[in-house]
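Take a look at this single chain in structure tokens; it is the form predicted on its own.
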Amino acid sequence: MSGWASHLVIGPIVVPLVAAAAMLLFNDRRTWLKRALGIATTVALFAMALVLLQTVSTPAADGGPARPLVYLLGDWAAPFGIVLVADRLSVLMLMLTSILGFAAMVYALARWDRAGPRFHALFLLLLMGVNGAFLTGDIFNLFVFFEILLAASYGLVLHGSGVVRIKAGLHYVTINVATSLLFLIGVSLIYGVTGTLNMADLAARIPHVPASDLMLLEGGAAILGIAFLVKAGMWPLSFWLPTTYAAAAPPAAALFAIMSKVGIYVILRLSSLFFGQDAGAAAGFADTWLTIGGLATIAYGVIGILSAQTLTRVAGNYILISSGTLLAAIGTDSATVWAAALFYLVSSTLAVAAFYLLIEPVERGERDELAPGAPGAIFEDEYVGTFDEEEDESGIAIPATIAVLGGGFILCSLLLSGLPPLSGFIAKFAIIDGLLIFEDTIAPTTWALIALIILSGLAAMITMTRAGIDLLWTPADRPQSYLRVVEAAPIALLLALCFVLMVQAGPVMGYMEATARALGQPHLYSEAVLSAPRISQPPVAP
């Protein structure tokens, strides 16, 4: 890229930062101005992600794979300066984040952005932190962006106040402060061994770490990994996630669906860069533990879904199942499985975000107008109304709201359960196919992963069917739900994108396979970053 386009890599960080700062200049009565600025920012983020996606998908002039886009902040060359790197994986996550941000922002227009102060500024700062975590090429700056997104998420968890949100929010803050300390300890150990925190430089130095320092390096990586696994929601570090996400307002919870994937992204990025096949004695570090941890997380999520008594708990435990599936897939160290896992990441994130937005309208008739932070039970001890078998039901009209909510609920159920022919099924089938293909002897952990993937879909279908019957298809004395257009449109958008994934599964999977192949060639990433040219050369001394 040349000219203005060369600065596009930093756009997903600068644009929401400037917009959030501008919002702080307006008081809370300028609601429509803040809304317009927020919507415009999310649209701009999507446009930038789309341009970057097209750029990193274009093959190099010599016919080879596309090289990552490297942006040298302050025109300082790597590894001494701060660098931003946009490759296939990071741009894919940028695109997904912008879509979720737009959908959640539109949904918040119904009333949620008025439940507390500074909602839009916090929302955009969270987007900035997430985008920065995806783009940064330096581990310390990864910590900086993590702290930005966490600080913004603290405010969004507490948005709307209420006892439930305050309690969950305080637990959430405490846990993340502790993980931030682990983050710094792990970074310090890695820097002490290698003398650098630039990811590309680390990838080049790790294969040459002396055997005497290898244990210290792996110890630092393990501590750093724990911090990421807490955020990814791996068992037994995931106890906080369902409760925190259930307490958050619907638009915040929908955006939080991408936050656990930030941890997954970092684990995949660092595993492929630092501990791939070219990492020498450190190759394959923690792959076995990732697989075992992923299996345990799926099992824990299945138990959580079957025992959940609220839809928000169902959604939170499904995120754990999704994280466990992705962690186990990363542990296979197979490009074929990684490609299928990336497809699953996109599909599951869109589906669970749509489900979080759908929950509140579905439960709205179950109770009076929601008090901020009030939990709502979805399963009654007894059904308060049942059909009379002898009643003539012909000619009974289905209210439009129930029809829309019921249709959306069915689609979410099929997507979360992974039933054909939707994208959730395609993703799970591709993962299972990748686990079985080219294998002469299939390991017990592979069979366990396949069994848990199938079992998790069955558990989701049982729970979603039970909830749907109770909330939507059993007559009751509760008032009928209502649905605003700004609530229905974001849900429809996310579900429509899942349908597009199904229809365009071939091209999308082709992109995922190219991304997985690039991850398997970390030298391409390192060479692109370390050889990135500066715009200007320092003046020659007289």
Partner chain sequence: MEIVLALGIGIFTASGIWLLFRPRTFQVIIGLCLLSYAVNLFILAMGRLRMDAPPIIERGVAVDPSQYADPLPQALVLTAIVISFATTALLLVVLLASRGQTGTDHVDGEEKDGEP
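Positions refer to the first chain, counted from 1. Computed from a predicted structure; not experimentally measured.
If you look for the form predicted together with its partner chain, you will not find it shown, but the lines that follow are about it.
- Segments offered: 267-275, 174-182, 335-343, 297-305. Contacting its partner chain in the predicted bound form at heavy atom distances within 4.5 Å is 174-182.
- When contacts are judged by a 4.5 Å heavy atom cut-off, E147 counts as touching its partner chain in the predicted bound form.
- T465 falls outside the set of residues with a heavy atom inside 4.5 Å of its partner chain in the predicted bound form.
- Contact annotation: K167 falls within 4.5 Å of its partner chain in the predicted bound form, judged by heavy atom distances.
- Its partner chain is not shown here, but in the predicted bound form it comes within 4.5 Å of a heavy atom of V163.
- Of the candidates Y71, W240, Y154, W112, Y154 is the one whose heavy atoms come within 4.5 Å of its partner chain in the predicted bound form; the others do not.
- Only one of the listed residues (F140, W447, F429, W289) places a non-hydrogen atom within 4.5 angstroms of its partner chain in the predicted bound form, and that residue is F140.
- Contact check at 4.5 Å (heavy atoms) against its partner chain in the predicted bound form: all three of L158, S188 and L197 pass.
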